[in-house]
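Here's a solo chain for you in structure tokens, the form predicted alone.
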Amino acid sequence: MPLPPDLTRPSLVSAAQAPSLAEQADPQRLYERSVQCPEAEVDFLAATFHRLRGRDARHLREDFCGSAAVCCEWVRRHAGNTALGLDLDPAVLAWAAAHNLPALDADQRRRIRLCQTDVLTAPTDGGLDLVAAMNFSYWLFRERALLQAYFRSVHQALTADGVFFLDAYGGYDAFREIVEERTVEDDAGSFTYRWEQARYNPIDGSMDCHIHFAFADGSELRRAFSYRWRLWTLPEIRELLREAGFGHVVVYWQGWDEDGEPDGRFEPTEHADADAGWICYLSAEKG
């Protein structure tokens, strides 16, 4: 005898329950809110390029661009600015086209182009003022030869006085398997951003990292983003940039305010303290 219908399907009470905040969340939007600040990044890129080269940069390529937030901010800044965003993930490029590009006006949209392509095989026509590879994205090249090949391709893509910008992080906590978290304020309500360094192999420098999000209703979005990287050190990065043909390589270190918090200002330096955790920018000049 078959079971009564109400025992063979989910109960109406369960089906009517509201989805959790984690189920409603847009991971890409959470990433932008917790990890990126395109306005500050473009401020740094534009001001540093002008200080190094004595002119304004106009043509930007954002490698591993994700949702192309930096590209969008770049074309907003000046009517002559153009941006090319490269990423291998069609889903994140589709998200950018659906969410970030519509926020631009018609002229700005004409000056931005997003391409699903491998940065190692991107065109190298030498017409770019600057290339940016941020959020440690280039660390996915875990072999020295591959990272050097990427740096060489960027060198070829830049104009004669072009500049390559990267970021990096480190400190003795970077080699630990830890979870760090902070609260992020959002128009839709605050949430918790969690950065997990889940595995580190000291033999080859490889590491697995995850981003999780937690919400006020107790729900979680675990492993919203996952990365398998090599933890490259600054001496290695600088050496590879010079071997790839870049002349002057500068490290920009973040300062601290009176409360011991990062002040958001990055200054060129050759000496820094052995902090537990730090983030820096680098510029590598062609020629």
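Residues carry their position along the shown sequence, with the first being 1. The model shown is predicted, which means the values in this text are computed figures rather than measured ones.
The next section is about a form of this same protein that is not shown, the form predicted in complex with a small molecule.
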{"property": "Gly66, Asp118 and Tyr227 each touching the small molecule in the predicted bound form (heavy atom, 4.5 Å)", "result": "yes"}
{"property": "Single option in Phe49, Phe246, Tyr31, Trp232 placed near the small molecule in the predicted bound form, where near means a heavy atom within 4.5 Å", "result": "Tyr31"}
{"property": "Contact residue in the predicted bound form, chosen from Ala103, Ala216, Leu88, Ile178 - any heavy atom within 4.5 Å of the small molecule", "result": "Leu88"}
{"property": "Ser137, heavy atom within 4.5 angstroms of the small molecule in the predicted bound form", "result": "yes"}
{"property": "The small molecule contact at Gln36 in the predicted bound form, heavy atom, 4.5 Å", "result": "yes"}
{"property": "Phe141 within 4.5 Å of the small molecule in the predicted bound form, heavy atoms", "result": "yes"}
{"property": "Partner proximity in the predicted bound form: Ala83 to the small molecule, non-hydrogen atom cutoff 4.5 Å", "result": "no"}
{"property": "Which of 258-266, 236-244, 56-64, 216-224 lines the interface with the small molecule in the predicted bound form (heavy atom within 4.5 Å)", "result": "56-64"}
